[in-house]
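Before any questions on how it binds or moves, here is one chain, the form predicted on its own, in structure tokens.
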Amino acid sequence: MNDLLPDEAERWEAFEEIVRDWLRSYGYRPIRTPIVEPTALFVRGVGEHTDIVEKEMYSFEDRLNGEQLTLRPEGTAPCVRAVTEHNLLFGQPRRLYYSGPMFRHERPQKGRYRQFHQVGVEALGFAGPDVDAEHIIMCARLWDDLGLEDVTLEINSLGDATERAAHRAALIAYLEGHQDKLDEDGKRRLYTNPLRVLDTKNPALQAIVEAAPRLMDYLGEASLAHYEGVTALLREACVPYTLNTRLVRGLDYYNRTVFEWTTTRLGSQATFCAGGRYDSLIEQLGGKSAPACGFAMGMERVMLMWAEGMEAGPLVSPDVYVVHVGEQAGRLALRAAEQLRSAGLAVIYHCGGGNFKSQMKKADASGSAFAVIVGDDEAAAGEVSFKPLRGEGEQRRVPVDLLAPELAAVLYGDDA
């Protein structure tokens, strides 16, 4: 778990503003759920035999009532729980998004921490392939808005429950024939979650994985039609993709469409955004059966890619730094600072004393466009001076009540 210091935190805020505008442009609305949920929610929703539930969750017992609780490791199950609990799907589908910290006890690596942050998007109550495609297309738009390069889309279909059951039986039979070659992780998953064996990163198992039965070959007419509907819309939107028949995702609730966005710029853990369809989860968590689809991106991972090439230092600088020496000057300077803030300017009012020279050094270091200077002579006359700190321009002295419009006119021109 790590801290975000001011320079980096400003970049996060800038990124979050871009993301909020992007989500609004597609009609998605925010939802916020607690960081702590009952452990059973994730066991039922994510899957008892997933890595998240078996090895990665931060779970504990409430000392007051003995309830088993967990710091949320992902956002879809809490979102579905909230939608179901508050009956949000009554009479209409929902487009929702969330952002915030998640927690998994993973081995820390580049862009991946035990407290990490996600932006997640959920479309609840939509059955057709169009919303699956919308999610992928909107991702492509965000990568373009952020200027991300070297990103690749992989897509697959996991079919429906009966199709997965038939494939699962065939896959177990096949893997049993190679059991002596499986690593410990593969042997552990053989009967509990054999699909995840196909997602192994062990180079020694790649030949076995490549020859394994393909789920795509077990899909029925409806699942194939859904897949073709998604990919047709991707082609219409000119979003390139690759079919990866071994793509299964690590959460049990997925069906039909699954997808991952990957890059070579983040080391061995290449995925930075992923999602898919989860038509049974709402009913599984106690709601009335309804289709759903969603995805989530790792904010740390996307930020690493987006921030490459950015200059170090503050991303946001104040408009004005107010310098003052003298008791009467301090009072007038405070009044001037508040007037400037009322006019929409960002202002630092100097605190801590010091002479004009030391304060002007701090004003310059702040990155401010202007310094407002108030001494006892200016204060006695009810006036202040302002001086540009960047570029050309002379120091000017004006009545304090004219400072805000004068500075706004200089900063914003005819738009002031």
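Keep in mind that this is a model prediction, so the values were computed, not measured. Note that residue numbering follows the sequence shown and begins at 1.
One more form of this protein should be noted, the form predicted together with histidyl-adenosine monophosphate, which is absent from this view; the next part is about it.
Contact with histidyl-adenosine monophosphate in the predicted complex holds for none of T33, Q68 and E85, as no heavy atom of theirs lies within 4.5 Å.
Between the options R189, R94, R164, R104, the residue in contact with histidyl-adenosine monophosphate in the predicted complex by a heavy atom within 4.5 angstroms is R104. Shown without its partner, this chain lists I136, V121, V323, L340 as candidates; in the predicted complex, only V121 has a non-hydrogen atom within 4.5 angstroms of histidyl-adenosine monophosphate. Only one of 288 to 296, 180 to 188, 138 to 146, 232 to 240 lies within 4.5 Å of histidyl-adenosine monophosphate in the predicted complex by heavy atoms, and it is 288 to 296. With a 4.5 Å cutoff on heavy atoms, V197 does not count as touching histidyl-adenosine monophosphate in the predicted complex; it lies far away. Contact check for E154: no non-hydrogen atom falls within 4.5 Å of histidyl-adenosine monophosphate in the predicted complex.
Looking at R246, you'd find every heavy atom of it more than 4.5 angstroms from histidyl-adenosine monophosphate in the predicted complex.
Taking the partner from the other structure, histidyl-adenosine monophosphate in the predicted complex has no heavy atom within 4.5 Å of any heavy atom of D279. For the partner-free chain shown, E74, G75, T76 of 71 to 88 come within 4.5 angstroms of histidyl-adenosine monophosphate in the predicted complex, judged by any non-hydrogen atom.
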